[in-house]
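This document contains two forms of one protein chain, each encoded as C-alpha cells and listed individually as structure 1 and structure 2.
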Structure 1
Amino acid sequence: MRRRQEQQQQQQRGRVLSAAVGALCRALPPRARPAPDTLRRARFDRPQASLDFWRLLYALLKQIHRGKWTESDDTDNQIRFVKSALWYYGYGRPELYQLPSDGSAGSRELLLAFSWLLHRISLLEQLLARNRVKTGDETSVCTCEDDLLNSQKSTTEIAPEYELEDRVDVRYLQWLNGRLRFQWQSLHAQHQEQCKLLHKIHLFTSGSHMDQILGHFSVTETDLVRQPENYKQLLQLLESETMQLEAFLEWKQLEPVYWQWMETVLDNMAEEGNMCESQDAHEEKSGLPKVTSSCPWADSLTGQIDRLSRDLMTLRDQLQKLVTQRKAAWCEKVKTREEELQKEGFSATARKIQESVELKLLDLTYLCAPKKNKMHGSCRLVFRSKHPGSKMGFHRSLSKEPVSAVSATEVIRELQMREASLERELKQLQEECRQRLDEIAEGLDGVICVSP
C-alpha cells in the first residue's frame, strides 16, 4: 500500500517535473531552445548531450552580451567563450573549467552551470527582456559615470601599414582626428533626425491609440498602417513572444520542483566524491586567466579594478602626508591665535569660526553625498502633451511594479550638469597643457609660442 502510494507520488513528481522542464524550455528564445530530453540526458551525464549543452549555453550567453552571432564559430571557440563568460559571472566549480574542449563529456556539469546561471543572473528574465518585439520608440538612457558593460568591441578599420617606421606624421593623426569628428557630427545629425521624426509620428497619431494612457502609435504600429502586408510577420513575432511569456509564468509556478531536482543532482555528485561548490573562485587562478582572452569586457573590468586600487593607495598616501602637514601648520596657527585671543574678546571670534567651519562642512557633505540612482538601460519614449516636459516611460515588463516614468527634463538636467562638470575638467586640463607648453617654449631660443 505504501509502496503504491510512493510510486504514485513519484509518478506525480515525475509529471510535475517534466512539466517544469518543458515550461523552462519553451520560455527560452526560439534560436536557443533545447529539447527537454537534453536536460534529462544531462542529468544522467550522458556524453551525447554535452555538445548540445555547450551550444545551448553559447547561444544563450551570446544573446545576453549582444555579441555577433556566428554560428560558424567552431566548437573550440564556443567552449572557450562559455568558460570565459561563466568565469566572469563568478562560477566557481573547477570541474567545469577542466572539461575537455571538444565537448565530449560533462553534460551534468553543464546542467549545473545552466541552472546556476538561471538563478544567478536571472537568465530567463534577461532573455525575455531582450527579445521583446520592438516598438521602435526605444532609446537608451545612461547617466552612469562610467560605461562598464556596454563597451562592445566591434571590428575597427585597420590602419594602413607604415613599413617599420616608428614615427607617424602628426598631420596624418590630425587628419584622422578630423575625420572622426566629422563622423561624429554626422551621427549626431542622424540622431536628431530620428528624434524629430519620432516626435512627428507621436504628434500626428495622438488620440488614435486604444490605450488611453499611451495615446499615440509607436513606430512599429505606424509602419503597419503604411504597409499592412507586414502584419503576418508581426503577428508571428507577437505570438511567439506570448507563448514564451505564458511558458515563463508556468515555469514560475513549477520552479520549486526543478530546484529540488537539481538538489538531487548535486547530492549524487557529492556522493560520487566531488568537492562541494566553492563560492570563492579566486584560489583557482592557474587555468583561469587564459580563459578570459575571449571575454573582452572582463579584461577592461579587471584593468579598471587594478587601476582603481592603485589610485586609492596613492591617494591614501597623499592624504596622510597632507593631513600631517596640515596638522602641524594648524597647531602653529592655534598657538598664535591663542595668544591673540587672550587679548581680544573670545565669544565673537569663536562664533565666526564656528560659522565658517559649518559652511565648509556643508560643502564637503554635499560632495560626499551618496549619488542618486543612476539611470541605465533602454526606455520607451512616450509623448505627453499636457506636461511639455515629461516624455519618457520606463517599462519593466516582467516585474509586478507599476509603470514608472522618468521625465525627459530631469534626464536632460542631469546630463547638462554632467556636461558642465566635464567642461570644467577639460578647461582645467587645457590650462595645464598651456602652462606646460609655455614652460617648454621659454626654454627654446628664438621661438614664439602662440597658444591656441
Structure 2
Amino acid sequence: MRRRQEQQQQQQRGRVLSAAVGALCRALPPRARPAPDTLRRARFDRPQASLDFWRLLYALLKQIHRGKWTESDDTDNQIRFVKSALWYYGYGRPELYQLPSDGSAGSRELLLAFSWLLHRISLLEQLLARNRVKTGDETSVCTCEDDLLNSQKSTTEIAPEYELEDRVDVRYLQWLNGRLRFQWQSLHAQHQEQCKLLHKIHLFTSGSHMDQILGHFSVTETDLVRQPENYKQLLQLLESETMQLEAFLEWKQLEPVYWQWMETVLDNMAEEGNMCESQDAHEEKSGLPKVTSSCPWADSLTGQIDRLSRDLMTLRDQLQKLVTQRKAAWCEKVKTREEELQKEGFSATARKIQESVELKLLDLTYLCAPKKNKMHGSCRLVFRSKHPGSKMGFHRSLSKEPVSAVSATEVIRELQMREASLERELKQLQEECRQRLDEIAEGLDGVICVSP
C-alpha cells in the first residue's frame, strides 16, 4: 500500500514537472522554441541535446541583443557568441567555457546556463517585452543617467589591458571616429524624417480614434485602414502572443517545481564530481584518511570556500599595493602642483580653482535636486494640439492612465541639462589632457608639436 502511494506521488510529480517544462518551452519565442524532451535529455547530459541547446541559447541571446539571427551561421560562431554573451552577463562556471566548439558535449552545463539566465537577467520577461506586438507608435526614452555611469565604470574596470604590440595606428582610430560620426549623422537624419512622417499621420488622423486619450491613429492602424486585408496577419501575431502570455502565466505558477528539479540536477552533478575526486585520490594512493560527508555537495562547497578565501587574500595584497602606489602618485602630484603654484601667478591659479569649484557645485546641485520619476523603457507617442508648447507627449505603454503622460518638452529639457553637464565634464577632461600633453612635450628636446 505504501509503495503504491509512493508510485502515485512520483507520477504526480512527474506530471507537474512535465507541465512546468512544457509551459516554459511554450513561453519562449516561436522561432526559438525547444522541445520539452531537449531539457529532459540535457538533465542526463545526453550529447544529442548539446547542439540543440547551443542553437537555443544563440537564438535567445541574439534576440536579447537585437541582433540578426540566421540559421546559416556555423556552429563555431554560434558557440563563440554564446560564450561571450554569458561571460558578459557574469556567468562564472569555467566548465562551460571549456566545452568543445563543435557542440558535441555539455548539454547539462548548457541547461545550467539556461536556468541561470532565466533567474539572473529575467530572460523570459525580456523576450516577451522585446517581441510583443506593437500596435502603437512608440519610442524608447531613458533618463536614468546613474545606471549609464555605473555601467560605464564597470565596463572600464573589466576592460583588458593591451600590450604595446597590440596598439593600432592613431590614423586608423581617427578614421573609425569619422565613420562613426557619419553613421550617427545618417541615423539622426533618418530619425528626423521618421518623426516628420509620424507627425503628419498623427495630425491628419486626429479625432478619428475611439480612445479619447489617444485621439489619432498609429502607423499600424493607418495601414489597416488603407489595407484591411492585412488584419489577418496582425490577428495571427496577436493570437501567438496571447498563447505565449498564457504559457508564461502557467509557468509562473509552476516555476517552483522547475527550480526543485534543477536542485536535483545540481545534486547529481555534485555526486558525480565527488565520485571523480575519490577515484583520482585512490589512483594517486594518497595516505590521507577518508572523510565521509553527510551532504553530497559539502566537499565541493568546502573547496570553493577555500579557493574563495585564497582569492580574497590575494586581492587584499593587491589592494594594499595599489593604495601604496596611489599614495605615492598623489604625493608626486602635490609636489608638482606646489612647484607650479610658485611659478605661475596666484590670480590665474585662483581663477582656475574657482571655475573648478563652480563646475562641481553645479553638478552637485543637479545631483542633489529632488529626483523626479525617471523614465526608462518604451513609451507611446501621443499627439497633443490643445496644449501650447507641447504638441507631442509620452504615455507609458503599460498604463492607460492619462496622469502618467509626460510632455516631450520636459524630456527634452532634462536631456539638454544632462548634455550641458556632460559637455562641461568633457571640456574639463580635454583641458587636463592638453596640460598633460604640454608637460610631456616640454620634456622632449628638439621636437616641435603642432596641434591638429
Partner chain sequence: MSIVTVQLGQCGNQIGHEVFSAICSDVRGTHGLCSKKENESYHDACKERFFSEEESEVPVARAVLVDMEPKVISQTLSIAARSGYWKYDDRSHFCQKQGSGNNWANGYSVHGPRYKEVIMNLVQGEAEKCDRLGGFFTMMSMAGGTGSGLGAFVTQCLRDAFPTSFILNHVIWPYGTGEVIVQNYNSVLTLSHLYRSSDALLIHENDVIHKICAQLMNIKQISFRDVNQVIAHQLGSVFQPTYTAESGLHYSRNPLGDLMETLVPHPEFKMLGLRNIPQMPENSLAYSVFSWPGLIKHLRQMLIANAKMEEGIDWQVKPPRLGSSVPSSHSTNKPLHFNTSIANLVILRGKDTHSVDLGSFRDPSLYTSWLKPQDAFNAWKTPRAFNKYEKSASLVSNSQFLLKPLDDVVGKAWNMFASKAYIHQYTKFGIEEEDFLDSFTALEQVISSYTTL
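Worth saying up front: this structure is predicted, and the values here are computed from it rather than measured. FYI, numbering is relative to structure 1, first residue = 1. Basically, rigid core = biggest C-alpha set you can superpose within 1.5 Å across the two forms.
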Out of structure 1 and structure 2, where do we see the form predicted together with the partner chain? 1
At a 2 Å cut-off on C-alpha positions, does residue 418 qualify as shifted between structures 1 and 2 after fitting the rigid core? yes
Core superposition between structures 1 and 2, C-alpha change of residue 430 at least 2 Å: yes
For residue 79, decide whether the Cα shift between structures 1 and 2 is 2 Å or greater, given a superposition on the rigid core. no
Aligning on the rigid core, what is the distance the CA of residue 311 moves between structures 1 and 2, in angstrom? 26.1
Could you state, for a rigid core superposition, the Cα shift of residue 219 between structures 1 and 2 in Å? 2.7
